[in-house]
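Just one chain is shown here, as structure tokens, and it is the form predicted on its own.
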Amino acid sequence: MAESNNDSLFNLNKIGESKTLGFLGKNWAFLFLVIMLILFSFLGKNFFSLNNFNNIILGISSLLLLASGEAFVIISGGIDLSIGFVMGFVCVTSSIIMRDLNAAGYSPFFSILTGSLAGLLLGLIPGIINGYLVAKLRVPPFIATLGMWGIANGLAWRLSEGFPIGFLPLQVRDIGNAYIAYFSPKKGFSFFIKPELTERKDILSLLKIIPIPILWITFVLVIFAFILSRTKFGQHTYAIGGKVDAAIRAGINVPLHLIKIYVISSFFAATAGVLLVFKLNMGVHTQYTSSYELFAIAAVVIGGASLTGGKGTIWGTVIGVLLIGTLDNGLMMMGLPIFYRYIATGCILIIAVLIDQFFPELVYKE
């Protein structure tokens, strides 16, 4: 009888240990993010402040969109290397259209709206081509998207001639630098409209609360997170990433679905390109975006996705992006050179891949 009780206690301890390891395996990135926030709060001057958190959010806004689109591709078992340069291509084309329409005498509203919509539509073309090459012509995703990487880069370079695109409507800057709310010790709270302050001390004491572009990003992420986790489209995406042959036998139109996946990836990249215009108040040469696709892939993997497909979430990707952005900002606030960012991100990425490779039962066990 005593021996039976000991066996029961042993089994309970084993179950408890398994649940603990499972929790750590699933949430290690989030826990690491919390540890970094605490650590940098002590080591980085003015790190734990509203203005700095706004800087982090603005800094990761483009990467957040790119990584979310990349998550769909990686979950389906593919990869998209073109998203960084697609973002740059859309940034350049949108800004050119805004500039030229504004110079031709059209209203700022019409110029901005037309430039934004045209950029979004043009940004879908690379996704359609990538999807067709991968799904219909069976070109490996790495090669197909790498080819589009070069095409988008070349087109943006040709259109911009290597120079930033300026002379945009003034409203572009106002929208891109607007916040949901402002708080001034002198004038109190105001929403959407920045209070007019003249004295330097009042300007420096102004608190800005949540950038406007984050509203649009959050809206898009909520919709696509729902699509991925709660709809048949999302189920088919996981099924294709898990095993293509099984997905075909289940009656899924795999080629059409993959084309849609790459269009979604390009849509996110195009959205990031348009938002980049508003954030910078100019169209930047595409070399500015040359490493974004690598950080996007890293964020997706850090967030719990597997490069073999079939696993991952949008919200896990958000955690991965926040981790990279916080690490970058924290190291900067500590006064360390930027190359430490690449070293630290590389180490974290390797840890994520090792966890997926050697302990998948901890990360994905339900």
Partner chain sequence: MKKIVITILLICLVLSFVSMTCAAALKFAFMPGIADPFYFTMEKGAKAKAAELGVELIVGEYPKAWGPEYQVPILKALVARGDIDLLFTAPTSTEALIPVLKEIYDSGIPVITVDTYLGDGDYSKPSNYNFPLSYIGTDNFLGGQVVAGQLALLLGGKGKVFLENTNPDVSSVMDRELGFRAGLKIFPDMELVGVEYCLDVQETAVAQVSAALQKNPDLDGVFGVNVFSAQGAYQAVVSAGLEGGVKIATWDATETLIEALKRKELDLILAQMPGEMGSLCVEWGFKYLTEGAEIPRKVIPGFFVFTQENVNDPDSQKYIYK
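Residue numbers count along the first chain shown, from 1. Fair warning: this is a prediction, and the values are worked out from it, not measured in the lab.
Just so you know, the form predicted together with the partner chain exists too; it's not on screen, but the next bit is about it.
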* Asked: Met36: heavy atom within 4.5 Å of the partner chain in the predicted complex?
  -> no
* Asked: Hey, in the predicted complex, does Leu170 get a heavy atom within 4.5 angstroms of the partner chain?
  -> yes
* Taking heavy atoms and a 4.5 Å cut-off, does Val284 contact the partner chain in the predicted complex? -> yes
* How about Met332: is it within 4.5 Å of the partner chain in the predicted complex, going by heavy atoms? -> yes
* Spell it out for me: taking the partner chain in the predicted complex, does every residue among Asn177, Leu204 and Ile338 have a heavy atom no farther than 4.5 Å from it? => yes
* Structure fact -> Answer key, the partner chain contact in the predicted complex at 4.5 Å (heavy atoms) among Phe224, Trp157, Trp216, Tyr238: the residue is Trp157
* Structure fact -> Interface check vs the partner chain in the predicted complex: of Ala270, Val73, Leu276, Val92, the one with a heavy atom inside 4.5 Å is Leu276
* **Partner-facing stretch of 248 to 256, 184 to 192, 261 to 269, 161 to 169, counted where any non-hydrogen atom is within 4.5 angstroms of the partner chain in the predicted complex** => 161 to 169
